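A single chain comes next, written as C-alpha coordinates; it is the form predicted alone.
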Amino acid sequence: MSFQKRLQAKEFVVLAEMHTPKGVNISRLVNDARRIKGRVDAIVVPDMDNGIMRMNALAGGVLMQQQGVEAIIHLYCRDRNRMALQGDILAAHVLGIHNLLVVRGEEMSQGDHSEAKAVDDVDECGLLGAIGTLQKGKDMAGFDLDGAPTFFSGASLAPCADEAALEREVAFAAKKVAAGARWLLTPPVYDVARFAAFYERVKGLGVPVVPTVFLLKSLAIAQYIANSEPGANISDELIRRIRKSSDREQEGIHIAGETVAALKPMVQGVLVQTLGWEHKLPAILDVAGL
(Lines give C-alpha, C1' and ligand atoms only; values in the text may rest on other atoms or scores of the structure.)
Protein backbone atom coordinates (compact mmCIF):
# COMPACT_ATOMS: atom_id res chain seq x y z
CA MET A 1 0.00 0.00 0.00
CA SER A 2 1.35 3.44 -0.92
CA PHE A 3 2.27 6.15 1.55
CA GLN A 4 -0.77 8.18 0.45
CA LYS A 5 -3.18 5.28 0.83
CA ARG A 6 -1.83 4.35 4.27
CA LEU A 7 -2.30 7.90 5.53
CA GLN A 8 -5.76 8.14 4.03
CA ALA A 9 -6.67 4.80 5.62
CA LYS A 10 -5.49 6.22 8.99
CA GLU A 11 -2.74 3.61 9.24
CA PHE A 12 0.53 4.40 11.00
CA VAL A 13 3.36 5.29 8.60
CA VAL A 14 7.09 5.14 9.21
CA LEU A 15 9.30 7.52 7.24
CA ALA A 16 13.08 7.82 7.20
CA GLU A 17 15.19 10.70 5.92
CA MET A 18 18.20 10.17 3.69
CA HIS A 19 20.45 12.86 2.27
CA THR A 20 21.99 12.66 -1.17
CA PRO A 21 25.79 12.69 -1.37
CA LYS A 22 27.94 15.74 -1.86
CA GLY A 23 29.31 14.18 -5.00
CA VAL A 24 28.37 11.27 -7.24
CA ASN A 25 29.24 8.27 -5.05
CA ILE A 26 25.77 6.85 -4.40
CA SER A 27 26.86 3.55 -2.84
CA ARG A 28 26.15 4.57 0.74
CA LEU A 29 22.75 6.05 -0.11
CA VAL A 30 21.72 2.94 -2.06
CA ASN A 31 22.98 0.54 0.62
CA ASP A 32 21.17 2.45 3.39
CA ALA A 33 17.94 2.33 1.38
CA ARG A 34 18.28 -1.40 0.80
CA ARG A 35 18.96 -1.95 4.50
CA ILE A 36 15.59 -0.56 5.57
CA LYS A 37 13.50 -1.63 2.60
CA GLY A 38 10.31 -3.20 3.94
CA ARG A 39 10.67 -1.48 7.32
CA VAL A 40 9.66 2.03 6.26
CA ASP A 41 6.78 3.22 4.12
CA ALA A 42 8.75 5.94 2.34
CA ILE A 43 12.06 7.78 2.39
CA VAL A 44 12.16 11.58 2.55
CA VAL A 45 14.95 13.04 0.42
CA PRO A 46 15.91 16.64 1.32
CA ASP A 47 17.09 19.03 -1.37
CA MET A 48 20.34 20.69 -0.30
CA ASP A 49 19.10 20.90 3.27
CA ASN A 50 20.87 23.29 5.67
CA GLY A 51 22.22 25.21 2.68
CA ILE A 52 24.73 22.46 1.81
CA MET A 53 25.27 21.83 -1.91
CA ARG A 54 24.52 18.19 -2.73
CA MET A 55 23.10 16.05 -5.52
CA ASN A 56 19.52 17.26 -5.91
CA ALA A 57 16.53 15.56 -4.35
CA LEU A 58 15.02 14.59 -7.70
CA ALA A 59 17.96 12.29 -8.44
CA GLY A 60 17.87 10.95 -4.89
CA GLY A 61 14.17 10.22 -5.17
CA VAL A 62 14.67 8.30 -8.38
CA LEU A 63 17.41 6.23 -6.72
CA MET A 64 15.03 5.37 -3.86
CA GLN A 65 12.33 4.30 -6.30
CA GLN A 66 14.88 2.12 -8.12
CA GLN A 67 15.56 0.31 -4.83
CA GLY A 68 11.84 -0.36 -4.44
CA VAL A 69 11.29 2.24 -1.71
CA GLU A 70 8.71 4.99 -2.21
CA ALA A 71 10.22 8.48 -2.21
CA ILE A 72 9.08 11.85 -0.87
CA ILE A 73 11.18 14.75 -2.14
CA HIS A 74 11.63 18.23 -0.72
CA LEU A 75 10.70 21.31 -2.68
CA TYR A 76 12.14 24.70 -1.69
CA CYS A 77 11.26 28.16 -2.93
CA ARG A 78 14.74 29.35 -1.96
CA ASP A 79 16.79 27.99 -4.85
CA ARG A 80 14.60 28.10 -7.97
CA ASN A 81 12.17 30.45 -9.68
CA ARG A 82 8.64 29.44 -10.61
CA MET A 83 9.62 28.17 -14.07
CA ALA A 84 12.35 25.89 -12.72
CA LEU A 85 10.14 24.65 -9.90
CA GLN A 86 7.33 23.74 -12.28
CA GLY A 87 9.80 22.00 -14.58
CA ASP A 88 11.13 19.92 -11.66
CA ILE A 89 7.61 19.05 -10.54
CA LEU A 90 6.66 17.78 -14.00
CA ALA A 91 9.93 15.83 -14.17
CA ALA A 92 9.22 14.23 -10.79
CA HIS A 93 5.89 12.88 -12.02
CA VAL A 94 7.40 11.45 -15.21
CA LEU A 95 10.18 9.81 -13.17
CA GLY A 96 7.66 8.09 -10.92
CA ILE A 97 7.81 10.38 -7.88
CA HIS A 98 4.35 11.41 -6.70
CA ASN A 99 5.04 12.63 -3.12
CA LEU A 100 6.21 16.21 -2.58
CA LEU A 101 7.05 17.96 0.68
CA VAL A 102 7.10 21.76 0.55
CA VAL A 103 9.53 23.02 3.16
CA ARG A 104 11.21 26.22 4.25
CA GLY A 105 14.79 26.70 3.05
CA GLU A 106 17.43 27.74 5.56
CA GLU A 107 19.34 30.98 5.18
CA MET A 108 22.14 30.76 2.62
CA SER A 109 24.52 32.46 5.05
CA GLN A 110 24.49 29.30 7.19
CA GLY A 111 25.44 26.97 4.34
CA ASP A 112 28.59 26.13 2.40
CA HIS A 113 27.82 28.55 -0.44
CA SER A 114 27.19 31.64 1.67
CA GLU A 115 27.49 34.01 -1.31
CA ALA A 116 24.72 32.27 -3.27
CA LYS A 117 21.62 34.38 -3.83
CA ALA A 118 18.24 33.17 -2.64
CA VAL A 119 15.44 33.25 -5.21
CA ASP A 120 12.15 33.00 -3.27
CA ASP A 121 10.10 33.80 -6.36
CA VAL A 122 7.03 32.32 -4.62
CA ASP A 123 6.34 31.38 -1.01
CA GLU A 124 5.27 28.00 0.40
CA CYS A 125 1.57 28.64 -0.13
CA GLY A 126 2.28 29.84 -3.66
CA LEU A 127 4.24 26.67 -4.40
CA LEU A 128 1.50 24.43 -3.01
CA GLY A 129 -0.98 26.34 -5.15
CA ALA A 130 1.24 25.88 -8.20
CA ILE A 131 1.31 22.11 -7.64
CA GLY A 132 -2.48 22.13 -7.51
CA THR A 133 -2.68 24.22 -10.68
CA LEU A 134 -0.39 21.82 -12.53
CA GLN A 135 -2.59 18.92 -11.46
CA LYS A 136 -5.52 20.73 -13.08
CA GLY A 137 -3.63 20.85 -16.37
CA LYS A 138 -2.41 24.45 -16.36
CA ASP A 139 0.88 26.16 -15.52
CA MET A 140 1.24 29.25 -13.35
CA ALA A 141 0.98 31.49 -16.40
CA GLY A 142 -2.36 29.94 -17.34
CA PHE A 143 -1.16 27.89 -20.31
CA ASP A 144 -2.50 24.38 -20.89
CA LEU A 145 -0.30 21.37 -20.16
CA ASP A 146 0.05 18.40 -22.49
CA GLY A 147 -0.80 15.88 -19.76
CA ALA A 148 -1.35 16.73 -16.08
CA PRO A 149 0.68 15.27 -13.19
CA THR A 150 -0.66 13.77 -9.95
CA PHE A 151 0.86 14.32 -6.51
CA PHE A 152 0.32 13.85 -2.81
CA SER A 153 1.75 17.02 -1.27
CA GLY A 154 2.69 17.87 2.30
CA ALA A 155 4.15 20.85 4.12
CA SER A 156 6.37 21.39 7.13
CA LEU A 157 5.89 23.27 10.38
CA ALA A 158 8.60 25.46 11.87
CA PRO A 159 9.85 25.29 15.48
CA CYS A 160 8.12 27.74 17.82
CA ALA A 161 9.92 29.40 20.71
CA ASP A 162 6.86 30.90 22.40
CA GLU A 163 3.08 31.11 22.33
CA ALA A 164 2.99 34.01 19.87
CA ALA A 165 5.18 32.11 17.41
CA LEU A 166 2.97 29.05 17.80
CA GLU A 167 -0.14 31.08 17.00
CA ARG A 168 1.48 32.43 13.85
CA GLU A 169 2.68 28.99 12.78
CA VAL A 170 -0.71 27.35 13.27
CA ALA A 171 -2.35 30.14 11.25
CA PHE A 172 0.26 29.73 8.49
CA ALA A 173 -0.21 25.94 8.53
CA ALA A 174 -3.95 26.46 8.01
CA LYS A 175 -3.14 28.54 4.92
CA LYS A 176 -0.87 25.78 3.61
CA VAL A 177 -3.61 23.21 4.09
CA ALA A 178 -6.02 25.48 2.24
CA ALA A 179 -3.41 25.82 -0.54
CA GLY A 180 -3.18 22.05 -0.97
CA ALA A 181 -1.06 20.44 1.78
CA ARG A 182 -2.54 17.00 2.50
CA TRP A 183 -0.32 16.27 5.52
CA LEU A 184 1.99 18.19 7.85
CA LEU A 185 5.46 17.39 9.17
CA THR A 186 6.49 18.76 12.57
CA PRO A 187 9.93 19.73 13.92
CA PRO A 188 11.79 17.13 16.04
CA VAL A 189 10.05 15.97 19.22
CA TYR A 190 12.17 15.55 22.36
CA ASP A 191 9.40 15.82 24.94
CA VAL A 192 6.30 13.76 24.17
CA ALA A 193 4.16 15.45 26.84
CA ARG A 194 4.91 18.89 25.38
CA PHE A 195 4.25 17.57 21.90
CA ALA A 196 0.83 16.30 23.02
CA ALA A 197 -0.13 19.87 23.94
CA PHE A 198 1.20 21.13 20.60
CA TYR A 199 -0.66 18.38 18.77
CA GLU A 200 -3.95 19.52 20.27
CA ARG A 201 -3.41 22.84 18.52
CA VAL A 202 -2.70 21.45 15.06
CA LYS A 203 -4.79 18.30 14.74
CA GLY A 204 -7.86 20.43 14.10
CA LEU A 205 -6.41 21.47 10.73
CA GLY A 206 -7.98 18.34 9.29
CA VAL A 207 -4.90 16.62 7.83
CA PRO A 208 -2.55 13.97 9.24
CA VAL A 209 0.26 15.36 11.39
CA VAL A 210 3.56 13.45 11.31
CA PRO A 211 6.14 14.34 13.98
CA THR A 212 9.89 14.09 13.45
CA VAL A 213 12.11 12.06 15.78
CA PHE A 214 15.77 13.08 15.65
CA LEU A 215 18.63 10.79 16.71
CA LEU A 216 20.74 12.51 19.36
CA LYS A 217 24.15 11.12 18.44
CA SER A 218 26.07 12.59 21.36
CA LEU A 219 25.85 14.65 24.51
CA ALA A 220 27.40 17.62 22.70
CA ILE A 221 24.69 17.57 20.03
CA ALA A 222 21.93 17.34 22.64
CA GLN A 223 23.39 20.27 24.57
CA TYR A 224 23.82 22.34 21.41
CA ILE A 225 20.19 21.82 20.36
CA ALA A 226 18.93 22.54 23.88
CA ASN A 227 20.86 25.82 23.99
CA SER A 228 20.48 27.10 20.45
CA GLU A 229 17.21 25.90 18.92
CA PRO A 230 14.01 27.70 19.94
CA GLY A 231 11.24 25.44 21.10
CA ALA A 232 13.37 22.27 21.09
CA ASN A 233 12.32 21.44 24.67
CA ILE A 234 15.23 19.13 25.47
CA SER A 235 14.92 18.73 29.22
CA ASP A 236 17.73 18.72 31.78
CA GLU A 237 16.58 15.22 32.65
CA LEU A 238 17.21 14.02 29.10
CA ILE A 239 20.66 15.66 29.09
CA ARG A 240 21.49 13.93 32.39
CA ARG A 241 20.32 10.59 31.02
CA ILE A 242 22.74 10.84 28.10
CA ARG A 243 25.57 12.13 30.29
CA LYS A 244 25.25 9.26 32.78
CA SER A 245 25.08 6.54 30.14
CA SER A 246 28.09 4.26 29.72
CA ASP A 247 27.27 4.06 26.00
CA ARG A 248 25.96 7.43 24.87
CA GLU A 249 25.61 6.38 21.25
CA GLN A 250 23.38 3.48 22.22
CA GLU A 251 21.48 5.71 24.63
CA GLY A 252 20.61 8.05 21.79
CA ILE A 253 19.28 5.12 19.79
CA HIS A 254 17.14 4.03 22.74
CA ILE A 255 15.80 7.55 23.28
CA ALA A 256 14.82 7.84 19.61
CA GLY A 257 13.15 4.42 19.59
CA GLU A 258 11.29 5.10 22.82
CA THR A 259 10.08 8.44 21.45
CA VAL A 260 8.73 6.75 18.32
CA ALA A 261 6.93 4.15 20.45
CA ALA A 262 5.44 6.84 22.71
CA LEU A 263 4.18 8.86 19.74
CA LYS A 264 2.67 5.90 17.89
CA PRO A 265 -0.69 5.80 19.78
CA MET A 266 -1.14 9.55 19.28
CA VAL A 267 -0.34 10.28 15.63
CA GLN A 268 -0.51 8.74 12.18
CA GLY A 269 3.20 8.36 11.63
CA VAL A 270 6.75 9.46 12.36
CA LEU A 271 9.76 10.61 10.39
CA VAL A 272 13.08 9.39 11.80
CA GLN A 273 16.05 11.69 11.14
CA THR A 274 19.54 10.30 11.68
CA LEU A 275 21.59 12.90 9.76
CA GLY A 276 24.34 10.69 8.37
CA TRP A 277 23.75 7.72 10.64
CA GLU A 278 21.20 6.01 8.44
CA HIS A 279 22.83 2.67 9.27
CA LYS A 280 21.35 3.11 12.78
CA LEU A 281 17.77 3.23 11.49
CA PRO A 282 17.13 -0.52 11.92
CA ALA A 283 18.27 -0.36 15.56
CA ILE A 284 15.95 2.58 16.26
CA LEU A 285 13.02 0.74 14.70
CA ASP A 286 13.91 -2.36 16.75
CA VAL A 287 13.71 -0.34 19.98
CA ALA A 288 10.40 1.16 18.81
CA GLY A 289 9.01 -2.30 18.12
CA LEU A 290 8.47 -1.57 14.41
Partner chain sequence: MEYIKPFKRILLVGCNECVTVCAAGGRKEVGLLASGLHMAVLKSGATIEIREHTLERQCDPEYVEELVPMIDGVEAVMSMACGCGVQEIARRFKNKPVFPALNTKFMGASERQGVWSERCQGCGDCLLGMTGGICPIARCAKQLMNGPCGGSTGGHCEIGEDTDCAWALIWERLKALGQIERYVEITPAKDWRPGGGSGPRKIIREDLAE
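Keep in mind that this is a model prediction, so the values were computed, not measured. Numbering follows the first chain given and starts at 1.
There is another form of the same protein, the form predicted in complex with the partner chain; it is not shown, and what comes next is about it.
Novice: Using a 4.5 Å heavy atom cut-off, are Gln110, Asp162 and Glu167 all in contact with the partner chain in the model of the complex?
Specialist: The answer is yes; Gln110, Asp162 and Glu167 each reach the partner chain.
Novice: Please check if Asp191 has a heavy atom lying within 4.5 Å of any heavy atom of the partner chain in the model of the complex.
Specialist: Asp191 lies outside the contact set for the partner chain.
Novice: Can any non-hydrogen atom of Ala171 be found within 4.5 angstroms of the partner chain in the model of the complex?
Specialist: Yes, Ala171 sits close enough to the partner chain in the model of the complex that at least one of its heavy atoms falls within 4.5 Å.
Novice: Heavy atom to heavy atom, is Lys203 within 4.5 Å of the partner chain in the model of the complex?
Specialist: Contact with the partner chain, no.
Novice: I'd like to check something about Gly68: if you look in the model of the complex, is any of its heavy atoms closer than or equal to 4.5 Å to a heavy atom of the partner chain?
Specialist: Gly68 lies outside the contact set for the partner chain.
Novice: Choose from 206 to 214, 191 to 199, 171 to 179, 91 to 99 the stretch whose residues reach within 4.5 Å of the partner chain in the model of the complex, heavy atoms counted.
Specialist: In short, 171 to 179.
Novice: Only one of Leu219, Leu184, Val122, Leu134 has a non-hydrogen atom within 4.5 angstroms of the partner chain in the model of the complex; which is it?
Specialist: None of the others qualify; the residue that does is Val122.
Novice: If you look in the model of the complex, which residues in 1 to 37 sit within 4.5 Å of the partner chain (heavy atoms)?
Specialist: Heavy-atom contacts within 4.5 Å come from no residue here.
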